[in-house]
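This document opens with one chain alone, in structure tokens, the form predicted alone.
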Amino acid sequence: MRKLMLGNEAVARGLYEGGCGFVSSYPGTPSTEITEYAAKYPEIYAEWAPNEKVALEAAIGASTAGMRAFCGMKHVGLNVAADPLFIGAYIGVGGGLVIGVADDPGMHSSQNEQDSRHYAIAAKLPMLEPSNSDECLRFTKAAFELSERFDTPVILRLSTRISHSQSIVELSERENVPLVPYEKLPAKRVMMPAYARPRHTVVEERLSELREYAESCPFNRIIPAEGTGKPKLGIVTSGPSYNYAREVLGDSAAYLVIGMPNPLPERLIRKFAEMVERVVVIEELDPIIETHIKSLGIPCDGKNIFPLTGEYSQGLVAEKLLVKKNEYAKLTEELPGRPPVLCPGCPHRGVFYTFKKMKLTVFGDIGCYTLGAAQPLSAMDTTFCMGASISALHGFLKAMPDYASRTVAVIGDSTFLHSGVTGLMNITYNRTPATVVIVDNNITGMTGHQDNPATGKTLKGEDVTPVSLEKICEGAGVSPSHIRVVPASDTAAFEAALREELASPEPSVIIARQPCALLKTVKRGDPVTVDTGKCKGCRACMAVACPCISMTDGKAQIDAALCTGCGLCAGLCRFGAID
């Protein structure tokens, strides 16, 4: 049976067909849908973990029990999971273990560009990289076999373009894989120095075996050019770059498609280089393949032609290789830019409006509320990485204690549970008079409404006791008298709580609580209306950056189709024009 599938959906299908029984992940675009699709298979236990480190450790535990397991994340999530990743190379596996990581060239939804191939090299783990949905399915299944054959976790590297594009896949039945019998093996799994030293030797010996395997494995393949004679151009490429090159050059060039970027082959590359007159490496982000080829003494072009940054395209490949571009239909009109904005009725909007009104210094975090940095709210000073708002606020105030009365950290409920709790403990333990605002919208919002430990639902839809943010904060050392819960839409109450806690010499937490306006359980209110006779055109209502509000003929106008009736704008109008 054949079916059109997203790359992420095809990976999930590969987990199913490959006999995977356990999946633990943390949502992060562009990897999120892998776990969501996997959860639809009753044969697979699937969960959202509080963060990527926990998810990978859980997957290692399932593998230790003898079950085939998977852990998925985006590239920055692999930073969080780096500790168990490196140890995973030493302890090996019981049942096969596959780690899916999706890079984001072009930073479509990320704070940086990062090449996860470096992690495979540093951790000395095999990595596979598919170039279409069919390979996503086949490589995932093969990764389990590779994992068990070489007693190692295997990294499956995706990218935004592969994860979120569609192509035809060939479906098969599920392989029923029995559990590998569990054995107590302290010398393999207890990583104290006496046992870890010989395991390092095992890792190096395995890597040597994998290098030999890479020479003839099915993941690396040569595609000859059409015609006879030596092709003028030989393209060494991987992942989505192969698709771009093939569309531009067709059969006029020969290709060495690298589906296993770590470890890279040597003899296969030498063989390919002898087949062609010129070798060009096309790879997004860092020159991993190019550096390897040059280390073999083989001349090639790569980053001297192609950029180190951004996502590649057919047009870019054609431009850099001086090939005539294909003609595509073009729009005749220039479309206006559509930057991302907080949704109509978003509970975060009033929070950031209040921050700006009070002229606060705001240490931000990763989530929907990062959009509070955009104009006209412009109410965020920093955004680093998951959980960093709280930790960075602590360091900032230790360096500049006079700012304690006008500086806050803001973090979402899911991000707080991911990695904000430890930062809060650092604040209370080291007696920093910091104020932390948790914007609790009862969901993991920006990645598409995934549940988390505070929502009371699991990935499989089971009801559970929700984790209490208030009790966690109290357990982390915040006095109950300085844990405040206010409705996010009540800007007056929120401002009053902020002023009181910022004036306090004690650590404090304000939880601005209101569910995401897009949740199915949230009922929309009646849209507000503008009395144009009262409207003075002062544009005060525009200060909250609500996409429902616009100006027409000098008067405010509300788009009734978008408005959720939150009423935030009405509270800003001094003339009573918005009802």
Partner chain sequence: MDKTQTFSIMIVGVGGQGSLLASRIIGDVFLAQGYDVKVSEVHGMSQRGGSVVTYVRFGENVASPVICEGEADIILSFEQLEAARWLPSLKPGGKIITATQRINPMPVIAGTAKYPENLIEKLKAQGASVIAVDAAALAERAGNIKAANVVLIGVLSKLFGINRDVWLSALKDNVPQKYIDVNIAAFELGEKAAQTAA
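Residue numbers count along the first chain shown, from 1. Under this definition, the rigid core comprises the largest set of C-alpha atoms superposing within 1.5 Å between the forms. Because the structure is a prediction, the values reported are computed rather than measured.
We do not show the form predicted together with the partner chain, though everything after this point is about it.
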item	value
Residue stretch of 501 to 509, 374 to 382, 396 to 404, 180 to 188 approaching the partner chain in the predicted complex, non-hydrogen atom distance within 4.5 Å	374 to 382
4.5 Å heavy atom contact, Gly315 to the partner chain in the predicted complex	yes
Residue contact check: Ala577 to the partner chain in the predicted complex, 4.5 Å heavy atom	no
Any non-hydrogen atom of Ala545 within 4.5 angstroms of the partner chain in the predicted complex	yes
Partner proximity in the predicted complex: Val341 to the partner chain, non-hydrogen atom cutoff 4.5 Å	yes
In the predicted complex, the one of Leu233, Ala214, Cys368, Val408 near the partner chain [non-hydrogen atom within 4.5 angstroms]	Cys368
Answer option from Arg431, Arg197, Lys359, Lys325, heavy atom within 4.5 Å of the partner chain in the predicted complex	Lys325
Members of 431 to 470 lying within 4.5 angstroms of the partner chain, judged by heavy atom, in the predicted complex	Gly445, Met446, Gly448
Exceeds or equals 2 Å, Cα of Pro193 between the shown form and the other one, core fit	no
